[in-house]
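Presented below, as structure tokens, is a lone chain in the form predicted alone.
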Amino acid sequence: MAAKYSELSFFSHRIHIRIEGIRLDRLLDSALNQGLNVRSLRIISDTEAVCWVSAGDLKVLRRLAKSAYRITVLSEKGAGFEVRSFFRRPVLAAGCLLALVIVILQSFVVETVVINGYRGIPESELLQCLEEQGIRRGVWRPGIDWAAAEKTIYQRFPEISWLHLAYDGRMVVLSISETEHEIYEKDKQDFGLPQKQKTYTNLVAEAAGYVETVQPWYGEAMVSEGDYVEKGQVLISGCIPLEPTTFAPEGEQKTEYFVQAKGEVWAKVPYRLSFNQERYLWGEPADPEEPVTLSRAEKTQAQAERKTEQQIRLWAKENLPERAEIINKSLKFFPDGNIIEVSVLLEVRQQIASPQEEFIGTEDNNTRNN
């Protein structure tokens, strides 16, 4: 019955019929004996009834009825039937398909260009730059070279520290963020001005270690995750190179620009420390009659470790920067006479980027260690 019921599902071709004749019960009994699926049967009178059957069952029912009964189709339903009916009208089908193709093609045509986040840069200049890269109203979106457009925007407007060029349907959106620091373009006039007025900032490593994360907010990252850096090495440079462009006249190409670099670089920094502590613990006098003589006992391993933990906490409070975290440590104890020498190896996760001011035009601005 489940298989027959699926023949009359929403998607199948089902037919509403009217049966007319004498002794309808005989025909219906024969239909049930043949396994026909007759649904929503309603007896109108002794000689008339209506019901739903599948297209295949209707053929069998007509053979059973022969000429003794009259079967009239009242209506037909089903997704398959509707689709076939639609394609039997070629003009209507062609028109609908053409309209569908036009709608799909229009979805790939740029309708609007929106710019967000600009402050000092005029919107008209940004729109002109996009238009030169083929991003304008009415253009075919799949033909746009997005990477080339982003590269050109960065080169033409060095004061942009971040941008995101994307599309949403038929709308192209350019979101930018302008640096809050003054931009110095390196040209011949720079060297005629006092150096105090022309400086930029690098972020350098204040300790040697293995880089975990690099987050340049302003400037160009000079190291990557996993790199080992030495103390004083440039991590985020405020001197940013520019690639040659085709729109600038020859001789006026800008090769680099300068910003006050900002960001964070987290690294695992190793520290080797050495502490001393007393080897013995002094207690009550062994004999109350002789108060000068005190009892002593050698420290246990646990007591020595607790004392070392206290020494490490005091050292960390005085020497480690804020938000630094000790993630691993190794302790080694060497008894020597009345003292215990403790060798400590700490692995500390900390932010190591420290600002360092540089003068434009000096050799420092080309010192980049990787």
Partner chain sequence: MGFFDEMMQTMDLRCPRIILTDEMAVLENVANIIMLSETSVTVSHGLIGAAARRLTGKAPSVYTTITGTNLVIREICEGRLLIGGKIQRAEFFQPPDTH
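Think of the rigid core as the biggest set of C-alphas that the two forms share within 1.5 Å after superposition. Just so it is clear, the structure is predicted and the values come from calculations on it, not from any experiment. Numbering follows the first chain given and starts at 1.
Not pictured, yet referred to below: the form predicted together with its partner chain.
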Report the stretch among 61-69, 313-321, 340-348, 39-47 that approaches its partner chain in the predicted complex to within 4.5 Å, counting heavy atoms only.
39-47
Examine Gln301 and determine whether its closest non-hydrogen atom to its partner chain in the predicted complex is within 4.5 angstroms.
no
Under a 4.5 Å heavy atom criterion, is Leu32 part of the interface with its partner chain in the predicted complex?
yes
Answer yes if any heavy atom of Asp25 is within 4.5 Å of a heavy atom of its partner chain in the predicted complex; otherwise answer no.
yes
Quick check: Leu28 between the shown form and the other one - does its CA shift reach 2 Å or more after fitting the rigid core?
yes
Core-aligned C-alpha movement of Ala316 between the shown form and the other one, 2 Å or more
no
Superposing on the rigid core, I want to see if Ile19 changes position between the shown form and the other one - specifically a Cα shift of 2 Å or more.
yes
